[in-house]
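So this first bit is one chain, no partners, the form predicted on its own, shown in structure tokens.
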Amino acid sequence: MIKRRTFLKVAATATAGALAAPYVHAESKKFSGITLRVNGYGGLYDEALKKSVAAPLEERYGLKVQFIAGTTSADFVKLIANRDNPPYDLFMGDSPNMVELTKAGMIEEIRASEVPNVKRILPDFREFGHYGVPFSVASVIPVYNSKYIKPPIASYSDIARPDLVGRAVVMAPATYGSLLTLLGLADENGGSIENVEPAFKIMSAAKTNIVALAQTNVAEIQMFQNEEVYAGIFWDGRAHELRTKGLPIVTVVPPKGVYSVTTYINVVKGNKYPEAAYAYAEQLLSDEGVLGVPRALRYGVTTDVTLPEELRRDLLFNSQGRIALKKKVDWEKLIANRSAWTEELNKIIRS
């Protein structure tokens, strides 16, 4: 009798297990058959997101993610032109793009009720209320080749140092990197976003130093690699890239503050799979997801994630003290001044 009861108990357990397994499998693959379309940045950036966000989502839920590499400005135009049938389910853009996206009414608010990991975002990193999920920070900073530049560069304003004649590079005037450089120069010399005249004076003084206006990041990297320039203003992640190529490039942390852009992911209005889009944002803000881009490119994080030591050493914002140096930017004012500032910069550099 005992043996029979034991057999029936085991048989019942086995049957329950057999029934439960397909159910659990089906539940875990609840987004099977769905593909989210995301505008991409291309190269290592997209590859990092595929590894840290897309791959885990496909394994866990059966959700596929397609990154469509292009330029954000062109992708934005495409999004607006196809408002009734959006070409993207999620839209990736930097702080300046967020101004345009919110004004155009093309993105949904994202709250912790839909994406619990939103609660992990650090204070002041979410610049547009409930719009967008910030996941990466790129900073514009002075950099220099320590083999040739002594004493060390210490601030944005050092771009005008007399020992840099014919050896400095800055980003092209129309780029947001260049506009943030102006804010850094203004801030160090008694100005502000309301008064960038001090920045223009520094740029005038630096004119004989600046041998090139880098139209692209690749062009600036090549100038440093070829030792055409020894110092300049660049993105922090790109400075790390130069170090991986064997150059003794030093990243400078300006003591008065650092100017940065934050990259956001947004849920597009009218997308067919909002629950899957929220799952993407949740994974992006997980420890695994948010460390993807820093591991590949050393851009900063936006959450309370504990940084592995090898990343902590390389990241600009790697402590509370460093994070406190991140300056707030009025992106609407910056965009409104973009044309006038670009024109003035061009006039200074090219005259």
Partner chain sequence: MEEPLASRRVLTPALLLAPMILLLVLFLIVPTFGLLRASFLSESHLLDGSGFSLKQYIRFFSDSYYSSVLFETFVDGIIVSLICLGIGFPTGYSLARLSPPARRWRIIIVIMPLTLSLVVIVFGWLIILGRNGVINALLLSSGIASSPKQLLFSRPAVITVLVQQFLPFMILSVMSVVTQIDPVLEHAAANLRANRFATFRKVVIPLALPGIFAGFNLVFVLSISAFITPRLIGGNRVAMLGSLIYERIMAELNWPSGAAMAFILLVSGLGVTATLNALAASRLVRKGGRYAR
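Source: prediction; values computed, not measured. Numbering follows the first chain given and starts at 1.
Heads up, the form predicted together with its partner chain isn't pictured, but that's what we're talking about next.
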Item to check | Heavy atom of each of Ala104, Val211 and Glu343 within 4.5 Å of its partner chain in the predicted bound form | outcome: yes
Next on the checklist: Within 4.5 Å, heavy atoms only, which of Asp124, Glu197, Glu228, Glu109 is in contact with its partner chain in the predicted bound form?
Outcome noted: Glu228
Checklist outcome for this item: The listed residue (Pro152, Gly166, Pro116, Pro248) that reaches within 4.5 Å of its partner chain in the predicted bound form by any heavy atom is Gly166
Checklist entry - Heavy atoms within 4.5 Å of its partner chain in the predicted bound form: which stretch among 172 to 180, 137 to 145, 86 to 94, 274 to 282? => result 172 to 180
Checklist entry - in the predicted bound form, does Phe76 have a heavy atom within 4.5 Å of its partner chain? => result yes
Item to check | Any non-hydrogen atom of Gln215 within 4.5 angstroms of its partner chain in the predicted bound form | outcome: yes
Checklist entry - Taking heavy atoms and a 4.5 Å cut-off, does Lys327 contact its partner chain in the predicted bound form? => result no
Item to check | Non-hydrogen atom contact Glu100 with its partner chain in the predicted bound form at 4.5 angstroms | outcome: yes
Checklist entry - So which residues in 326 to 351, when you check its partner chain in the predicted bound form, have a heavy atom no farther than 4.5 Å from it? => result Arg338, Ser339, Thr342, Glu343, Asn346, Lys347, Ile349, Arg350
